[in-house]
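So this first bit is one chain, no partners, the form predicted on its own, shown in structure tokens.
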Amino acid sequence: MSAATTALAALAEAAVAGFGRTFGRPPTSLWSAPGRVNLIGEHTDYNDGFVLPFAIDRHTVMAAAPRGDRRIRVASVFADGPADVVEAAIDDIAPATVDGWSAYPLGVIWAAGRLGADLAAAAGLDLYLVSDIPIGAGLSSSAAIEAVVAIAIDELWGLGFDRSTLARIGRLAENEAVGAPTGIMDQSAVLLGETDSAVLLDCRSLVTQVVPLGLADEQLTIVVTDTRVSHAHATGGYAARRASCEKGAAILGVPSLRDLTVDDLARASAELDDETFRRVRHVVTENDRVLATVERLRDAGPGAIGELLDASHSSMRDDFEISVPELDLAVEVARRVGAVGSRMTGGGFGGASIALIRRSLVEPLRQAQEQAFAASGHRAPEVFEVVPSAGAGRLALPGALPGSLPGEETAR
């Protein structure tokens, strides 16, 4: 049994046990959704651009059982201590009535209704969530919650949505119920991911392509360094960057920054103030880098994408100004140790970096980053490998199928 399978099995056991303690009965179904790492393509999603994320082998797992009424009870142990239980009537769930962490799962139920689900006959549910995705690290712990609830209610209530629609439901929940102005990348990655592959998403058309990564063929792996500087997308920095992009597009007379190319940057420089221009330049060049990365992966393999990862970080640090000293240090150390390429990943203002690196250098990288953070007076980072993995799905209840492992997927 691999480490990832063992970890997922442990989460499944914890979800089942926690459900029983909290609700006084066993669950009838079990679901999981992964976190995600964005290989490249940051802040391009809400500009109708291109992104290249992949699902990872860290998960949110949810145990569920129907109720005899029309109420939702959702419990979480994302923080230390006893489970926090929130209860609401299905008909009363709306952006104005949800807050805190429960806005993510409850917001999905509201968003499903907004996007066409007939919830009039939906039975109530008890839901219990556990996770090993670091919160605030830029690995989409929020999208994992949204996805695991979305796939569960889609099947349990017979909604009949495809995965692209479930991603839209998650985005609507995050935008309107949570109040975070994010794009659709995170939800698409955790719902559409495949093993050893990234997902190229055109955020305008929502068309996706699976892009094989081929990491094992070159003895490469991806290491995440969680700086443990927490960020929150509902706060001002993310929203301010989005507003700058919208301002730039309006001044330049295009529907979105997706409609600009690098050839338009000279005109943009002349017509925009310096800050807005730099925000625009990041998005335009980042879109180019995403497409170039896909081309190089297909033609030359993952060892050929390092300079694109490096350039992406420089752009986010200098033009979009969303990095922090801890992220810059993690990237600098990774390059010094010998990474093929390294960049911050996620929305910025904290969170995590990634390094594409040879497996033999993982432990030297971990040690070097821990030493560098200590020397700089920063909080110790969490450094771990991630494996490109399958997206959200239903799990077998522990002991439900002869010969199955707890946490083994039975459906996608």
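For every residue, the number given is its place in the sequence shown, counted from 1. Quick caveat: nothing in here was measured; it's all calculated off a predicted structure.
Separately, the form predicted together with ligand GLA exists; it is not shown, and the next lines address it.
Check: Quick one: which of 25-33, 381-389, 341-349, 358-366 gets within 4.5 Å of ligand GLA in the predicted complex, going by heavy atoms?
Finding: Heavy-atom contact with the partner occurs in 341-349.
Margin query: Can you tell me if Pro53 lies within 4.5 angstroms of ligand GLA in the predicted complex, counting non-hydrogen atoms only?
Written below: Output for Pro53 is no: heavy atoms all beyond 4.5 Å of ligand GLA.
Margin query: Can you tell me whether Val284 touches ligand GLA? I mean in the predicted complex, with a 4.5 angstroms heavy atom cut-off.
Written below: Flag for Val284 set to no.
Next item on the list: Mark Leu106 yes when one of its heavy atoms lies within 4.5 Å of a heavy atom of ligand GLA in the predicted complex, and no otherwise.
Entry: Judged by the heavy-atom cut-off of 4.5 Å, Leu106 is well away from ligand GLA in the predicted complex.
Note to self: I'd like to check something about Ser323: if you look in the predicted complex, is any of its heavy atoms closer than or equal to 4.5 Å to a heavy atom of ligand GLA?
What the structure shows: Close contact is absent here: in the predicted complex, Ser323 is far from ligand GLA, nothing within 4.5 Å, heavy atoms only.
Notebook entry, point to check: Heavy atom within 4.5 Å of ligand GLA in the predicted complex: which of Val149, Met185, Val280, Ala330?
Noted result: Among Val149, Met185, Val280, Ala330, a heavy atom within 4.5 Å of ligand GLA in the predicted complex occurs only for Met185.
Margin query: Going through 40-74, which residues have a heavy atom within 4.5 Å of ligand GLA in the predicted complex? Please give them in sequence order.
Written below: Counting only heavy atoms within 4.5 Å of ligand GLA in the predicted complex, the contacting residues of 40-74 are Gly41, Glu42, His43, Asp45, Tyr46.
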